[in-house]
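For reference, the chain that follows is the form predicted alone, supplied as structure tokens.
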């Protein structure tokens, strides 16, 4: 029995020695375990797949569409052949004739400039004041926050229907019952329609402005305003000498975008009147939108020429305002 156990131990030892010897001989020849792809390569593939669709969408719906629009401005549509052909500058010549001999385009230009001026003079200061009031949590700030953000939450069509009910039905009824005076609705009357639409556009436009301005004001260091209060600064002085200079880059962004809006802002006219608005309320934005929405194939080159002309005017004007604001505006401290 003991001899059998001794032979078993000797055999196990021999097998173990053989395994050790073979391991030492072939260990250096074992190939390293290489991965199929590195982490950097996997990250690049994931990033490429992630941004492929947005880039394709931008290339098609923005770059390709705008390039095609520029090309269309120099073409005309032949009804007989059903194809577009090169027309040179004939579309632009016709547009200049429309501007020189049409009261519609003159009124449209005036309305667009008035809309920008009213937004600049009334809309921007009021949005800044409301933003400062809400950020400083003065009495009733919660109420103003809800009222000013409400138009941004409710559907635009619902807001338009409610507003039309007040100005076209409730207002004439109020004037009749209280003052015994028969008056037309504010939107129905051509003399007050444009002013009413302007008021509505400023009212519903507070939401975005207040949101952005409030965020910029909230980033002002509390230590700065607290030090000013220790020196006896009033709220009005704080707004004028601290808040406005420090958030001026944000204000200038709205002012620059507003310049481009001269040719794109339609003042919600399509929501109010669809394509049947009176000429007295036309703006460039509404003119292009309404005409494009119901345009035929033959009218696309003319509308493309309009868009290109507006771009040629708006682009240098926008960059000029940007340079002017950078030169004249106060220097804001980064915080």
Partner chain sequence: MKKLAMILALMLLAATAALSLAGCGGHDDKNTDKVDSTRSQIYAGIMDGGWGDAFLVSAKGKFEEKYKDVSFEDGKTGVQVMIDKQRTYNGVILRESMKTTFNEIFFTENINYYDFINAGVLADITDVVTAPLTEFGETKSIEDKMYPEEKEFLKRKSDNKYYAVPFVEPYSGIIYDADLFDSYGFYLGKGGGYVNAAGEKSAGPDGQTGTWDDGFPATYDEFFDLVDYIDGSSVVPIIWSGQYPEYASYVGTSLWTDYEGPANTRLNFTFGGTADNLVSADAAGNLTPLGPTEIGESNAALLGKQAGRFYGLDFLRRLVLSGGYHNLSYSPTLSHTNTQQEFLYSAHMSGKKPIAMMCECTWWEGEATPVFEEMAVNDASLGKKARNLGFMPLPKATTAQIGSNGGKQTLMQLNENAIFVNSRTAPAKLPLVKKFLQFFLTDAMMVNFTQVTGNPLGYNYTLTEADQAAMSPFGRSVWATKMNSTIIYTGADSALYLNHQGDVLNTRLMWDAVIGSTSYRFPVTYYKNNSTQPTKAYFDGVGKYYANIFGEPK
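Everything numeric in this text was worked out from a predicted model, so none of it was measured. Residue numbers count along the first chain shown, from 1.
Unshown form predicted together with the partner chain; subsequent notes refer to it.
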| query | finding |
| --- | --- |
| Interface stretch in the predicted complex with the partner chain - options 85-93, 113-121, 158-166, 240-248, non-hydrogen atom within 4.5 Å | 158-166 |
| Contacting member of 195, 220, 183, 109, with respect to the partner chain in the predicted complex [4.5 Å, heavy atom] | 183 |
| Partner contact for residue 225 in the predicted complex: the partner chain, 4.5 angstroms, heavy atom | no |
| Residue contact check: residue 187 to the partner chain in the predicted complex, 4.5 Å heavy atom | yes |
| Contact of residue 78 with the partner chain in the predicted complex (heavy atom, 4.5 Å) | no |
| Interface residues of 242-279 toward the partner chain, as seen in the predicted complex [heavy atoms, 4.5 Å] | 273, 278, 279 |
